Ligand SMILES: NC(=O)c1ccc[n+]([C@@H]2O[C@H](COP(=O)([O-])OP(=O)(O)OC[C@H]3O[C@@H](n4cnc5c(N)ncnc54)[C@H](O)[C@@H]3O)[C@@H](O)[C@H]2O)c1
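Coming up is one lone chain in structure tokens, specifically the form predicted alone.
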């Protein structure tokens, strides 16, 4: 098992892609801290059944106190933090609208969770990683910013920001042996849904991927395992696109 006894925090783990990440890491031998503002009970049961030790936490990644408590409890339970998968983000439940009709409070919340949340969670774990001599930070971005994506400019902008933040952190943390990378999924059939207001702008869809089938959550889990494992120890500051060739970056 490629992640045997590694301690991995996964945010946004209650359902959808985050749940798939957690289950795959459990199957690879990791000890898990699963976090969400939703109940992680179902994910915890699945991971325990797969043989993992699991700590489930209620965490709002946009709240600094929550993120500091997340890191502290992870170390109290398992003694270290080898990796964090910054997966929590707002997408499911958004409504695509004309730019002139995007709610400003919704804009702020998307940015708070999708960008500030990664910053706060990373900042919470970095002191522990420095003390132990290294670690891995995996930020979940998206391929959507290659295409634009109409009607959800806040989401598109937030995912572009993830790549920039990843590169900034990688530059700063390289000397601490902390590797920071982004995974950029394509349009994944995960259960997350954005509805479209009838007045939202219509734009041509992005190019279909070259593999001829829709991406599913399980297509992404191997990349998480790779980046969390020792196989990727000389990779940092990179964005790995996992989109079936829809965008070749």
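Numbering follows the first chain given and starts at 1. Since we're looking at a predicted model, the values are computed, not measured.
The same protein has a further form, the form predicted in complex with the ligand, not shown here; the description that follows concerns it.
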| property | result |
| --- | --- |
| Location of the ligand contact in the predicted complex, chosen stretch of 172-180, 130-138, 154-162, 74-82 [non-hydrogen atom, 4.5 Å] | 154-162 |
| Site check 37, 59 and 186: each within 4.5 Å of the ligand in the predicted complex by heavy atom | yes |
| The ligand contact at residue 145 in the predicted complex, heavy atom, 4.5 Å | no |
| In the predicted complex, residue 92 touching the ligand (heavy atom, 4.5 Å) | yes |
| Proximity of residue 110 to the ligand in the predicted complex, heavy atoms at 4.5 Å | no |
| is_contact(residue 24, the ligand) in the predicted complex, heavy atom dist at most 4.5 Å | no |
